[in-house]
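Form predicted on its own, single chain, as structure tokens, below.
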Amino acid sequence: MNGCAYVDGEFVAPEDAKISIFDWGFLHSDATYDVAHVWQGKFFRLGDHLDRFEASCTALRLDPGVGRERMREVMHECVRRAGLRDAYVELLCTRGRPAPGSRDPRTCTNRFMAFAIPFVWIADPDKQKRGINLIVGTPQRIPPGSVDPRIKNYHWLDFVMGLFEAYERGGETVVLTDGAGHVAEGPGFNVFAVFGRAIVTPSSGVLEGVTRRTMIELAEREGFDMQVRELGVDELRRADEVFLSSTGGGAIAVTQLDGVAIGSRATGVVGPVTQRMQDAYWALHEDSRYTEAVRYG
């Protein structure tokens, strides 16, 4: 794989980026991470991703052992060494290994790592042009009282089972609910529903994604009635348009929900609000207030 990783204080090829099978990040999913992206040689909202990563580490009592500016330097250097202009850049911190024979997390030495690989799409550009078929899955999203979804984590078994179900039902990805009939989130994305001039996104049980925040800000700037509140599955089915927000693509159109066309358009026709949000999102990548040039020099 083309890319570069940073492990144990060294920059290595992706195939040489390894952790011990005894690291609790592997054994217990005891880790946090964040993903920023580089587009045409510039990071997008890098400071916001670093803010969330630091907040997640604090909430999980993880100490990456490096300061914010070193994290930034490592991310830049991974992209530079890989020679990537469009990249998916992840930084992560695992609990590490405990003292021999111990189950006390306080004995673990936490580990900071990072990597840069070519840009990863949730839905490739061809799929984005026609929209995707989103399946409402039957697995319940892990309750916020068990695992706080605002802390980016690797607890994805509910998503994985949902994805298997979606594929078996002819879908392309899945959204899970909270078990009480409300939309939660999907694997790597938040959900938005359009009702005329109103745009709704779930308020709880979700990762408060950086791209989600960008869509909320854009909707308000564009004059929409932006509502952050509970969103019922039945309400979602009545939406004029549905789109997903993700670092891996921006605003991604959904043109079918459980195989049924959304709104009054024919299947495969992206709605005007979704297209407007997508265009506005990518236009921000030319705005110096949101971007940071990669240090290739």
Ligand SMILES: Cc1ncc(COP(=O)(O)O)c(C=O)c1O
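Numbering starts at 1 and runs along the sequence shown. It should be emphasised that the depicted structure is a prediction, and the values quoted were computed from it without experimental measurement.
In what follows, reference is made to the form predicted in complex with this ligand, a form of this protein that is not presented.
Peer 1: Would G186 sit within 4.5 Å of this ligand in the model of the complex, counting heavy atoms only?
Peer 2: Answer yes; at least one heavy atom of G186 falls within 4.5 Å of this ligand in the model of the complex.
Peer 1: Can you check whether W121 is within 4.5 Å of this ligand in the model of the complex, heavy atom basis?
Peer 2: No - in the model of the complex, heavy atoms of W121 and this ligand never come within 4.5 Å of each other.
Peer 1: How about Y167: is it within 4.5 Å of this ligand in the model of the complex, going by heavy atoms?
Peer 2: It does not: once this ligand is placed as it appears in the model of the complex, Y167 has no heavy atom within 4.5 Å of it.
Peer 1: Should T177 be classed as touching this ligand in the model of the complex when contacts are defined as heavy atoms within 4.5 Å?
Peer 2: Output for T177 is no: heavy atoms all beyond 4.5 Å of this ligand.
Peer 1: Please determine whether each residue of F26, T94 and R150 possesses a non-hydrogen atom within 4.5 angstroms of this ligand in the model of the complex.
Peer 2: The answer is no: none of the three residues contacts the partner (heavy atom, 4.5 Å cut-off).
Peer 1: Given that this ligand is left out here, which of L207, M226, L163, V194 has a heavy atom within 4.5 Å of it in the model of the complex?
Peer 2: For this set of options, the contacting one is L207.
Peer 1: Considering this ligand in the model of the complex, which of H76, R111, H182, R212 comes within 4.5 Å of it through any heavy atom?
Peer 2: Spelling it out, the residue with a heavy atom inside the cut-off is R212.
Peer 1: Please pick out the stretch from 227-235, 49-57, 253-261, 268-276 that is in contact with this ligand in the model of the complex, where contact means heavy atoms within 4.5 Å.
Peer 2: Only one stretch qualifies here: 49-57.
Peer 1: Just give me the residues of 240-276, first to last, that have a heavy atom within 4.5 Å of this ligand in the model of the complex.
Peer 2: S245, S246, T247 sit within 4.5 Å of the partner.
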